[in-house]
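Have a look below at one chain only, the form predicted alone, in structure tokens format.
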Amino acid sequence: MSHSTQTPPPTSPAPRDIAGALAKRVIGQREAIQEISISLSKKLAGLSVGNLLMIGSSGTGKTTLMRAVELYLEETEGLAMRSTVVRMHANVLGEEAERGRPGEAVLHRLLERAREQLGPETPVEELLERARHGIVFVDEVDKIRSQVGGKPNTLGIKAQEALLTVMENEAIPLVLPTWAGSRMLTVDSSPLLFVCGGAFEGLYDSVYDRVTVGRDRGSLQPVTTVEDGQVVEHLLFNLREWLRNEDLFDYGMSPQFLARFDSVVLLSDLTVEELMHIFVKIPDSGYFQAKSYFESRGFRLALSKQAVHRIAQAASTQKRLGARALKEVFRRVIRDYEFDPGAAAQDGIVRIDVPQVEAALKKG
């Protein structure tokens, strides 16, 4: 059986309004927020919308952005019933491809999520309608490259083919789960929106090599500056300016696979100021966890602004970890204080300033 296209709702939120809501939960990443806000506005209006590919180092906010989308849909009146969001690891699709049922795995995950949201008594037809209009976030899509170290990656090839099949297949055979009756159906999955994300480690270096020492040598012109009376030349490289489809092909993403994405969005490394904001504003940051711990022991934690800046500065040097580096750096700073709060507290307050941070970082 096939399902007819859902009647478009009369209105949908404007991209600017969606972006404003997402920006409250996602620090920085203006381009990524804009792109996904436009896609979401179109999707909620029942219009055709292309898939998105997000490229960014670990900790730059790919998963945070998709979680923000999910919360936005759940919390905004009138939107909670229009779509559902699921997250899948790219390698899972490769494993399901070996069983010959990648599309079924995606739809089963969406059905289960729709059932969680709408309740177990909801008719199967209603769950199916909700599921096929869902949003699928495929994480670590760079792990399904078709080659690794110059050798074919069989699982990656199968996973790309599986994901491609789900993206472009408008008639997916589906055996319903046992709880839904185990019937065999054919589902039109064309309304699904796929957002794929990955760190694509090594891509920056390969593109830099292409424009400096490789086939496009000389394309990146040095910038001349005067420093301390000396003329100095710098190569200012920005991946966003130089990335081409061919670079992604060389990385191991097939042309057919990339053709299914309307937009490729590059997430920026977080600045020191953005890391500071995450550290002192986001509820699940290491700072708030430590603050709650000290309060449970009868102490108060007090970090100077300069100490926060130094922690963020140290975290910013770990480009591959992004916001995750904050917890690693802060763990080194706070470990001894948490072990024996009373030894460091004065008048019930554990105070940490730049000298304490520097000492902890040197200690490692």
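Since we're looking at a predicted model, the values are computed, not measured. Throughout, we count residues from 1 along the sequence that is shown.
Below, we turn to the form predicted together with a small molecule, even though it does not appear here.
- Although the partner is absent here, Glu77 sits far enough away that none of its heavy atoms falls within 4.5 Å of the small molecule in the model of the complex.
- Contact between Ser58 and the small molecule in the model of the complex is found at the 4.5 Å heavy atom cutoff.
- In the model of the complex, at least one heavy atom of Lys62 sits within 4.5 Å of the small molecule.
- When contacts are judged by a 4.5 Å heavy atom cut-off, Asp284 counts as touching the small molecule in the model of the complex.
- Although the partner is absent from the chain shown here, Glu140, Leu270 and Arg324 each have a heavy atom within 4.5 Å of the small molecule in the model of the complex.
- In summary, the region of this chain contacting the small molecule in the model of the complex, judged by heavy atoms within 4.5 Å and restricted to 296 to 304, 329 to 337, 40 to 48, 27 to 35, corresponds to 27 to 35.
- Checking Leu111, Leu192, Ala162, Ile278 for any heavy atom within 4.5 Å of the small molecule in the model of the complex turns up a single hit: Ile278.
- Put simply, of Ala105, Ala199, Leu243, Leu185 only one has a heavy atom within 4.5 Å of the small molecule in the model of the complex, and it is Ala199.
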